[in-house]
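First, one chain by itself in C-alpha coordinates, the form predicted on its own.
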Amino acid sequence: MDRIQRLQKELEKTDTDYVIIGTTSNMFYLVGFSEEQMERPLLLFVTKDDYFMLVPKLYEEQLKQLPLIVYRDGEDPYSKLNLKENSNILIDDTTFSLFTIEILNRFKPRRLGKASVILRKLRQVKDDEEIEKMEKGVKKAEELLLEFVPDIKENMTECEIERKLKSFLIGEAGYISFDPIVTSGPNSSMPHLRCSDKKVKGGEVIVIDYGIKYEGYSTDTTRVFSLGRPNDTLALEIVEIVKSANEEAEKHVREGMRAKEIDDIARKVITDKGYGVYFIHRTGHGIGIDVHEDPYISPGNDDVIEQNMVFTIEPGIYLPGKFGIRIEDEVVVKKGYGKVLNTLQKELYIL
(Lines give C-alpha, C1' and ligand atoms only; values in the text may rest on other atoms or scores of the structure.)
Protein backbone atom coordinates (compact mmCIF):
# COMPACT_ATOMS: atom_id res chain seq x y z
CA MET A 1 0.00 0.00 0.00
CA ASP A 2 2.60 2.53 -1.12
CA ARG A 3 -0.06 5.22 -1.60
CA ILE A 4 -1.37 4.69 1.92
CA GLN A 5 2.17 5.05 3.24
CA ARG A 6 2.70 8.27 1.31
CA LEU A 7 -0.54 9.61 2.76
CA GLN A 8 0.52 8.63 6.26
CA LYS A 9 3.76 10.60 5.88
CA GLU A 10 1.66 13.65 5.01
CA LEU A 11 -0.44 13.12 8.15
CA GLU A 12 2.72 13.35 10.22
CA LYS A 13 3.69 16.61 8.54
CA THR A 14 0.26 18.20 9.02
CA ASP A 15 -0.51 16.85 12.52
CA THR A 16 -3.62 15.10 11.21
CA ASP A 17 -5.06 12.22 13.26
CA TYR A 18 -7.52 10.79 10.73
CA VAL A 19 -8.27 11.07 7.04
CA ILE A 20 -11.75 9.74 6.26
CA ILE A 21 -12.41 8.79 2.64
CA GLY A 22 -15.79 7.99 1.09
CA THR A 23 -16.49 5.93 -2.02
CA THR A 24 -14.95 8.56 -4.26
CA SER A 25 -12.03 8.60 -6.68
CA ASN A 26 -9.78 9.04 -3.64
CA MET A 27 -10.78 5.59 -2.40
CA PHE A 28 -10.00 4.11 -5.81
CA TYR A 29 -6.63 5.89 -5.76
CA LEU A 30 -5.71 4.59 -2.29
CA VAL A 31 -7.06 1.02 -2.25
CA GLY A 32 -8.30 0.33 -5.80
CA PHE A 33 -11.97 0.03 -4.85
CA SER A 34 -14.72 1.88 -6.72
CA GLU A 35 -18.39 2.12 -5.77
CA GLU A 36 -21.24 4.60 -5.84
CA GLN A 37 -21.99 6.50 -2.64
CA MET A 38 -25.08 5.25 -0.85
CA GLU A 39 -26.92 5.74 2.43
CA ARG A 40 -24.90 3.03 4.21
CA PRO A 41 -21.51 4.38 5.36
CA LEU A 42 -18.64 2.71 3.49
CA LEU A 43 -15.59 4.64 4.62
CA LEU A 44 -11.81 4.32 4.59
CA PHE A 45 -9.99 5.59 7.71
CA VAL A 46 -6.26 6.34 7.54
CA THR A 47 -4.21 7.23 10.62
CA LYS A 48 -0.52 7.95 10.99
CA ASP A 49 0.29 4.27 11.48
CA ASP A 50 -2.77 2.28 10.42
CA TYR A 51 -5.76 2.12 8.09
CA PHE A 52 -9.07 0.24 7.96
CA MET A 53 -12.45 0.33 6.26
CA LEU A 54 -15.90 0.56 7.83
CA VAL A 55 -18.15 -1.52 5.58
CA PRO A 56 -21.63 -3.02 5.47
CA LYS A 57 -21.73 -6.82 5.86
CA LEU A 58 -22.63 -7.25 2.18
CA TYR A 59 -19.12 -6.03 1.19
CA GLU A 60 -17.18 -8.23 3.61
CA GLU A 61 -16.26 -10.99 1.14
CA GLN A 62 -15.63 -8.52 -1.69
CA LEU A 63 -13.12 -6.53 0.40
CA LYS A 64 -11.64 -9.33 2.50
CA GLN A 65 -8.09 -8.44 1.40
CA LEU A 66 -8.36 -5.16 3.35
CA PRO A 67 -8.55 -4.56 7.12
CA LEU A 68 -12.28 -4.23 7.84
CA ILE A 69 -14.71 -3.20 10.53
CA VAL A 70 -17.99 -4.81 9.48
CA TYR A 71 -21.55 -3.93 10.51
CA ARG A 72 -24.91 -5.49 9.69
CA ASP A 73 -28.08 -3.71 8.68
CA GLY A 74 -29.82 -2.60 11.88
CA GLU A 75 -26.55 -2.05 13.73
CA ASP A 76 -25.14 1.39 14.52
CA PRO A 77 -21.99 1.49 12.36
CA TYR A 78 -20.47 4.45 14.21
CA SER A 79 -20.60 2.60 17.54
CA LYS A 80 -18.01 0.22 16.13
CA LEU A 81 -15.50 3.04 15.69
CA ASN A 82 -13.09 4.07 18.38
CA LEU A 83 -12.09 7.52 17.17
CA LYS A 84 -10.64 9.76 19.84
CA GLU A 85 -12.44 13.02 20.54
CA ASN A 86 -10.79 16.41 20.12
CA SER A 87 -8.73 15.12 17.18
CA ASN A 88 -7.73 16.65 13.85
CA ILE A 89 -9.74 15.12 11.01
CA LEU A 90 -9.72 15.58 7.24
CA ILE A 91 -12.81 14.33 5.38
CA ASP A 92 -13.09 13.57 1.67
CA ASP A 93 -14.45 16.70 0.02
CA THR A 94 -17.41 15.07 -1.75
CA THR A 95 -18.40 12.52 0.89
CA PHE A 96 -22.10 12.73 1.74
CA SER A 97 -22.80 15.34 4.42
CA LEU A 98 -24.86 12.81 6.41
CA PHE A 99 -21.63 10.92 7.20
CA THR A 100 -19.74 14.13 8.03
CA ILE A 101 -22.51 15.23 10.39
CA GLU A 102 -22.39 11.88 12.23
CA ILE A 103 -18.62 12.14 12.62
CA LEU A 104 -18.95 15.68 13.95
CA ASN A 105 -21.69 14.81 16.42
CA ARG A 106 -20.20 11.52 17.62
CA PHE A 107 -16.49 12.34 17.89
CA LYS A 108 -16.37 16.13 18.26
CA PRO A 109 -13.11 16.82 16.42
CA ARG A 110 -10.99 19.80 17.36
CA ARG A 111 -10.34 20.58 13.71
CA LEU A 112 -12.19 19.47 10.59
CA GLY A 113 -10.80 20.04 7.11
CA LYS A 114 -10.87 18.84 3.52
CA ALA A 115 -8.88 15.76 2.56
CA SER A 116 -7.97 17.43 -0.73
CA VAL A 117 -5.39 19.62 1.04
CA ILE A 118 -3.24 16.47 1.23
CA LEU A 119 -4.55 14.21 -1.51
CA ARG A 120 -4.38 16.77 -4.29
CA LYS A 121 -0.61 16.95 -3.79
CA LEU A 122 -0.28 13.18 -3.97
CA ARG A 123 -2.58 12.61 -6.91
CA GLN A 124 -1.41 15.39 -9.22
CA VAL A 125 2.00 13.73 -9.62
CA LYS A 126 1.42 10.39 -11.36
CA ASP A 127 3.55 7.27 -11.08
CA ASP A 128 4.81 5.39 -14.14
CA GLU A 129 2.00 2.83 -13.99
CA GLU A 130 -0.62 5.58 -14.02
CA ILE A 131 1.03 7.33 -16.96
CA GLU A 132 1.22 4.09 -18.94
CA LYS A 133 -2.52 3.56 -18.45
CA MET A 134 -3.24 7.13 -19.51
CA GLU A 135 -1.11 6.83 -22.65
CA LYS A 136 -2.93 3.64 -23.64
CA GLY A 137 -6.26 5.27 -22.86
CA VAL A 138 -5.60 8.23 -25.15
CA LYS A 139 -4.51 5.91 -27.96
CA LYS A 140 -7.67 3.82 -27.59
CA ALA A 141 -9.91 6.90 -27.40
CA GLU A 142 -8.42 8.36 -30.58
CA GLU A 143 -8.87 5.12 -32.48
CA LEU A 144 -12.52 5.02 -31.43
CA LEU A 145 -13.20 8.60 -32.50
CA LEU A 146 -11.76 8.03 -35.96
CA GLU A 147 -13.86 4.89 -36.26
CA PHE A 148 -17.01 6.77 -35.25
CA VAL A 149 -16.95 10.09 -37.12
CA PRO A 150 -17.68 8.69 -40.62
CA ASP A 151 -21.14 7.85 -39.26
CA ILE A 152 -21.98 11.55 -38.79
CA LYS A 153 -24.43 12.57 -41.50
CA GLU A 154 -26.19 15.79 -42.42
CA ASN A 155 -29.57 16.33 -40.70
CA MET A 156 -28.68 14.14 -37.71
CA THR A 157 -29.37 16.11 -34.54
CA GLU A 158 -26.56 16.97 -32.15
CA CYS A 159 -28.17 14.81 -29.45
CA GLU A 160 -28.59 11.93 -31.87
CA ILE A 161 -24.86 12.07 -32.61
CA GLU A 162 -24.07 12.45 -28.89
CA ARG A 163 -26.19 9.41 -27.96
CA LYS A 164 -24.66 7.29 -30.71
CA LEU A 165 -21.14 8.35 -29.72
CA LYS A 166 -21.81 7.64 -26.03
CA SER A 167 -23.26 4.21 -26.80
CA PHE A 168 -20.37 3.40 -29.14
CA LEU A 169 -17.71 4.44 -26.61
CA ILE A 170 -19.32 2.45 -23.79
CA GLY A 171 -19.70 -0.55 -26.06
CA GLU A 172 -16.05 -0.45 -27.14
CA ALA A 173 -14.30 0.90 -24.03
CA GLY A 174 -16.67 -0.09 -21.23
CA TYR A 175 -16.77 3.30 -19.52
CA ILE A 176 -16.70 6.98 -20.45
CA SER A 177 -15.07 9.73 -18.39
CA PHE A 178 -17.96 12.16 -19.03
CA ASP A 179 -20.98 12.53 -21.31
CA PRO A 180 -19.68 13.73 -24.69
CA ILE A 181 -20.19 17.30 -25.89
CA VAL A 182 -21.43 17.52 -29.49
CA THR A 183 -22.34 20.98 -30.79
CA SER A 184 -22.54 22.52 -34.24
CA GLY A 185 -22.79 25.89 -35.95
CA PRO A 186 -23.88 28.68 -33.57
CA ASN A 187 -24.30 26.19 -30.70
CA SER A 188 -20.57 25.49 -30.72
CA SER A 189 -19.92 28.95 -29.25
CA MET A 190 -21.27 27.59 -25.92
CA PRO A 191 -18.38 25.47 -24.58
CA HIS A 192 -20.37 23.29 -22.18
CA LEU A 193 -23.64 22.91 -24.07
CA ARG A 194 -23.94 19.11 -24.26
CA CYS A 195 -26.16 18.89 -27.33
CA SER A 196 -29.53 20.01 -28.67
CA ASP A 197 -32.18 18.96 -31.17
CA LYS A 198 -30.53 21.20 -33.76
CA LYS A 199 -29.76 19.33 -36.98
CA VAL A 200 -26.20 19.31 -38.26
CA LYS A 201 -25.85 21.04 -41.62
CA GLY A 202 -23.19 20.84 -44.31
CA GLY A 203 -20.47 23.46 -44.01
CA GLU A 204 -21.00 23.98 -40.26
CA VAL A 205 -18.36 23.59 -37.57
CA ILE A 206 -18.92 20.54 -35.34
CA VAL A 207 -17.11 20.39 -31.99
CA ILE A 208 -16.70 16.99 -30.29
CA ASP A 209 -15.32 16.85 -26.74
CA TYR A 210 -15.23 13.30 -25.35
CA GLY A 211 -13.36 10.83 -23.17
CA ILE A 212 -13.21 7.21 -22.08
CA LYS A 213 -12.08 5.43 -18.94
CA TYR A 214 -9.15 3.07 -19.38
CA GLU A 215 -8.35 0.88 -16.37
CA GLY A 216 -9.84 3.55 -14.11
CA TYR A 217 -8.14 6.56 -15.74
CA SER A 218 -9.85 9.29 -17.76
CA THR A 219 -9.12 10.72 -21.18
CA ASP A 220 -10.32 14.10 -22.49
CA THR A 221 -9.91 15.22 -26.10
CA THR A 222 -11.57 17.84 -28.31
CA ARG A 223 -11.41 18.11 -32.08
CA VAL A 224 -13.30 20.13 -34.69
CA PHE A 225 -15.09 18.73 -37.75
CA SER A 226 -17.13 19.93 -40.71
CA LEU A 227 -19.38 18.17 -43.24
CA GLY A 228 -17.71 19.52 -46.34
CA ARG A 229 -15.71 22.74 -46.37
CA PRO A 230 -16.94 25.40 -43.93
CA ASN A 231 -19.36 27.96 -45.34
CA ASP A 232 -17.73 30.65 -43.18
CA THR A 233 -14.07 30.94 -44.18
CA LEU A 234 -13.43 32.70 -40.85
CA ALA A 235 -13.75 29.26 -39.24
CA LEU A 236 -10.57 28.11 -40.99
CA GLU A 237 -8.74 31.21 -39.75
CA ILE A 238 -9.92 30.65 -36.17
CA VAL A 239 -8.92 26.98 -36.27
CA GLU A 240 -5.38 28.05 -37.21
CA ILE A 241 -5.23 30.58 -34.37
CA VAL A 242 -6.46 28.07 -31.78
CA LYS A 243 -4.09 25.42 -33.16
CA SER A 244 -1.17 27.87 -32.82
CA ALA A 245 -2.17 28.69 -29.23
CA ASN A 246 -2.41 24.99 -28.41
CA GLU A 247 0.96 24.15 -29.95
CA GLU A 248 2.76 27.20 -28.54
CA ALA A 249 1.65 26.36 -25.01
CA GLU A 250 2.53 22.68 -25.40
CA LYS A 251 6.04 23.27 -26.69
CA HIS A 252 6.87 25.62 -23.80
CA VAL A 253 5.76 23.27 -20.99
CA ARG A 254 8.68 22.86 -18.58
CA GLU A 255 9.17 21.37 -15.16
CA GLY A 256 9.46 24.22 -12.63
CA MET A 257 7.29 26.76 -14.44
CA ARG A 258 4.00 27.98 -12.97
CA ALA A 259 0.63 26.74 -14.20
CA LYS A 260 -0.40 30.33 -14.92
CA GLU A 261 2.59 30.75 -17.25
CA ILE A 262 1.26 28.01 -19.54
CA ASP A 263 -2.11 29.74 -19.57
CA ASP A 264 -0.41 33.05 -20.34
CA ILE A 265 1.35 31.57 -23.39
CA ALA A 266 -1.83 30.21 -24.97
CA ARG A 267 -3.79 33.34 -24.09
CA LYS A 268 -1.18 35.67 -25.60
CA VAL A 269 -1.38 33.94 -29.00
CA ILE A 270 -5.14 34.43 -29.11
CA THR A 271 -5.02 37.96 -27.69
CA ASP A 272 -2.38 39.05 -30.19
CA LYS A 273 -4.73 38.01 -33.00
CA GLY A 274 -7.50 40.17 -31.54
CA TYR A 275 -9.66 37.41 -30.05
CA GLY A 276 -8.60 37.48 -26.40
CA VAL A 277 -12.05 38.48 -25.18
CA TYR A 278 -13.46 35.35 -26.83
CA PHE A 279 -11.16 32.95 -24.93
CA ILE A 280 -13.55 32.53 -22.00
CA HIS A 281 -12.12 29.68 -19.93
CA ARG A 282 -8.84 28.40 -18.48
CA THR A 283 -6.29 26.77 -20.75
CA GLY A 284 -6.48 23.37 -19.11
CA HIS A 285 -6.84 21.11 -16.11
CA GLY A 286 -5.13 18.14 -14.54
CA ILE A 287 -6.49 14.72 -15.44
CA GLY A 288 -6.19 11.24 -13.96
CA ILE A 289 -8.79 9.12 -12.23
CA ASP A 290 -11.07 12.17 -12.39
CA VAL A 291 -11.42 14.05 -15.64
CA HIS A 292 -10.80 17.33 -13.76
CA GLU A 293 -8.00 17.31 -11.18
CA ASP A 294 -5.11 19.49 -10.05
CA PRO A 295 -3.15 21.24 -11.42
CA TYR A 296 -5.46 23.74 -13.11
CA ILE A 297 -3.81 25.57 -16.00
CA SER A 298 -5.52 28.85 -15.29
CA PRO A 299 -4.78 32.56 -14.84
CA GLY A 300 -3.31 33.34 -11.44
CA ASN A 301 -2.54 29.72 -10.49
CA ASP A 302 0.95 29.65 -8.97
CA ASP A 303 1.16 25.84 -8.72
CA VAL A 304 4.59 24.67 -9.86
CA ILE A 305 4.64 22.18 -12.75
CA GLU A 306 6.36 18.97 -11.67
CA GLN A 307 7.66 15.82 -13.30
CA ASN A 308 4.89 13.28 -14.07
CA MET A 309 2.04 15.77 -13.91
CA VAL A 310 -0.60 15.21 -16.60
CA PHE A 311 -2.93 17.97 -17.77
CA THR A 312 -4.88 19.22 -20.77
CA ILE A 313 -4.06 22.11 -23.05
CA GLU A 314 -7.36 23.29 -24.58
CA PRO A 315 -7.50 26.91 -25.75
CA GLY A 316 -10.63 28.06 -27.54
CA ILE A 317 -12.28 30.97 -29.30
CA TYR A 318 -16.07 31.35 -29.07
CA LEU A 319 -17.89 33.83 -31.30
CA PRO A 320 -21.50 34.15 -30.07
CA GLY A 321 -24.07 33.46 -32.76
CA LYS A 322 -21.41 32.16 -35.18
CA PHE A 323 -19.31 29.23 -33.92
CA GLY A 324 -16.70 28.12 -31.40
CA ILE A 325 -13.39 26.34 -31.86
CA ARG A 326 -11.51 24.33 -29.21
CA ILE A 327 -8.54 21.97 -29.63
CA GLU A 328 -7.64 19.83 -26.64
CA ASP A 329 -4.72 17.50 -25.95
CA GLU A 330 -3.31 15.76 -22.89
CA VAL A 331 0.28 16.53 -21.92
CA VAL A 332 2.57 14.67 -19.51
CA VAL A 333 5.73 16.22 -18.07
CA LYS A 334 8.64 13.87 -18.73
CA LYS A 335 12.40 14.54 -18.46
CA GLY A 336 11.63 18.17 -17.70
CA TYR A 337 9.51 18.83 -20.81
CA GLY A 338 5.94 18.40 -21.98
CA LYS A 339 5.11 15.32 -24.02
CA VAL A 340 1.81 15.41 -25.94
CA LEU A 341 -0.09 12.12 -25.64
CA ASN A 342 -2.46 12.83 -28.54
CA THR A 343 -1.61 12.11 -32.16
CA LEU A 344 -4.83 13.21 -33.90
CA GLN A 345 -4.41 16.05 -36.38
CA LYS A 346 -5.29 19.48 -35.00
CA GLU A 347 -6.51 20.87 -38.32
CA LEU A 348 -10.21 20.91 -39.11
CA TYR A 349 -11.44 17.43 -40.07
CA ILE A 350 -13.53 17.67 -43.21
CA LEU A 351 -15.91 14.72 -43.35
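Numbers for residues come from their place in the sequence shown, where the first is 1. The model shown is predicted, which means the values in this text are computed figures rather than measured ones. Between two forms, the rigid core is the largest collection of C-alphas that superpose within 1.5 Å.
What follows is about the form predicted in complex with another copy of the chain, which we do not show.
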Contact at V149, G274 and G336 by another copy of the chain in the model of the complex, all three, heavy atom at most 4.5 Å: no
Residue among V125, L112, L83, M257 with a heavy atom within 4.5 Å of another copy of the chain in the model of the complex: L112
Quick check on this chain: which one of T233, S97, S79, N155 has a heavy atom within 4.5 Å of another copy of the chain in the model of the complex? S97
Contact label in the model of the complex: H281 to another copy of the chain, heavy atom within 4.5 Å: yes
My question is simply whether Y59 lines the interface with another copy of the chain in the model of the complex - judged by any non-hydrogen atom within 4.5 Å. yes
Interface membership of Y214, another copy of the chain in the model of the complex, 4.5 Å heavy atom rule: no
Partner contact for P299 in the model of the complex: another copy of the chain, 4.5 angstroms, heavy atom: yes
Proximity to another copy of the chain in the model of the complex (heavy atom, within 4.5 Å), stretch among 233-241, 169-177, 130-138, 248-256: 169-177
Can you list, in sequence order, the residues from 189-205 that come within 4.5 Å of another copy of the chain in the model of the complex, counting heavy atoms only? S189, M190, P191, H192, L193, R194
Is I89 one of the residues whose Cα moves 2 Å or more between this form and the one not shown, with the core superposed? yes
C-alpha of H292: shift of 2 angstroms or more between this form and the one not shown, rigid core aligned? no
Establish whether a shift of 2 Å or more occurs at the C-alpha of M38 between this form and the one not shown, with the two forms superposed on the rigid core. yes
